[in-house]
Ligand SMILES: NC(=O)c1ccc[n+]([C@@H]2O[C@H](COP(=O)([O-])OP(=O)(O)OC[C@H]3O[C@@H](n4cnc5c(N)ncnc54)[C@H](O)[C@@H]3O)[C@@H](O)[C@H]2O)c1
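The data below hold one chain only, encoded as structure tokens and taken in the form predicted alone.
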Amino acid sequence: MTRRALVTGGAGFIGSHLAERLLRLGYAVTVLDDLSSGLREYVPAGADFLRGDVRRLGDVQAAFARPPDVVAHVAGQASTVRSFDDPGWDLSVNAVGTLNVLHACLAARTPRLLLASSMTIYGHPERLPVPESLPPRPISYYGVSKWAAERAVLLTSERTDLPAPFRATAFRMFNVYGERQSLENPYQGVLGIFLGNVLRDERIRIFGDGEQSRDFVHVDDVVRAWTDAIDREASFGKAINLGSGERISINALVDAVLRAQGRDRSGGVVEYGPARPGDQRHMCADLSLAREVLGFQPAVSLDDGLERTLAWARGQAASAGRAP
């Protein structure tokens, strides 16, 4: 019998890649997305599409009309900066939306839930690389909302009083990048933002001194880990880091993007602005648990991933009528 999977946020960057992979693995896939940041064209052929908002329980319940065997909950507000503009909205999307998905899972007796959590729950970590054992101390409302969602899901996974088995895994994702990352949205994905700037011949704006560092992991590595975890009992009830295990400064990243386009910083193409609230100084994932539980090893280097993403971005620019 064909297994069914529901991907919330499946018209977005990470969710659409995940929906594609699940289809390749033989799942019947349903995508639920409100298209607030995702694109209908990113929903893979072969997946059923429902337009809906995870904040509305009725929309979520409609996606469970045919109960899925596994839910990949990716939908959410994904900007640290925007969370400071409206913390209530951030909490409603990320926490209340997750509770709605959780409620629907329990009502439909869906046994498996995978959740998109975030490195932002760590705040300013005491050491690098960051292990999952460090206590969460989020410094942004976004981090708070992701921490609340993660705890609700994993707490439910620990319950022994439920009428049917329910097991969850939360993935604390670091800086995911790759094809389909927005080149236009200033609130999503710093690498996509920089690529968009360069392709549009705009100045690149760095917030802070640029010496802050991040761990960039390609979307292909991330979705492979998600699907590998579905039937891996060792991952049940756990929060697991997903990153590359390496870090690069924002200054070095900008230089790499410029270099890939045969450019440099001449002409004042890079400018600096004040650091933004909630910005973490340094982040790098300890992948020990991911290796132990999932046999996870990132396969896409930053150089190769940047080349692939840039090739895709050039195609996007060309199709939009801009010279790549």
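Residues carry their position along the shown sequence, with the first being 1. All of these numbers come straight from a predicted model, not from anything done at the bench.
Beyond the structure shown, there is the form predicted in complex with the ligand, which is absent from this document and is the topic of what follows.
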Q) Any of the heavy atoms of residue 282 lying within 4.5 Å of the ligand in the model of the complex? A) no
Q: Decide whether residue 34 counts as a contact residue for the ligand in the model of the complex under a heavy atom distance cut-off of 4.5 Å.
A: yes
Q. How about residue 197: is it within 4.5 Å of the ligand in the model of the complex, going by heavy atoms?
A. no
Q) With the partner left out of view, is residue 53 within 4.5 angstroms of the ligand in the model of the complex by any non-hydrogen atom? A) yes
Q. The ligand isn't shown here, but in the model of the complex which of 116, 121, 105, 153 has a heavy atom within 4.5 Å of it?
A. 116
Q. Looking at 168, 191, 173, 101, which has any heavy atom no more than 4.5 Å from the ligand in the model of the complex?
A. 173
Q. What stretch, of 21-29, 311-319, 296-304, 8-16, brings heavy atoms to within 4.5 Å of the ligand in the model of the complex?
A. 8-16
Q.
Need the contact residues for 74-94: heavy atom within 4.5 Å of the ligand in the model of the complex, sequence order, or none if there are none.
A. 74, 75, 76, 77, 78, 93
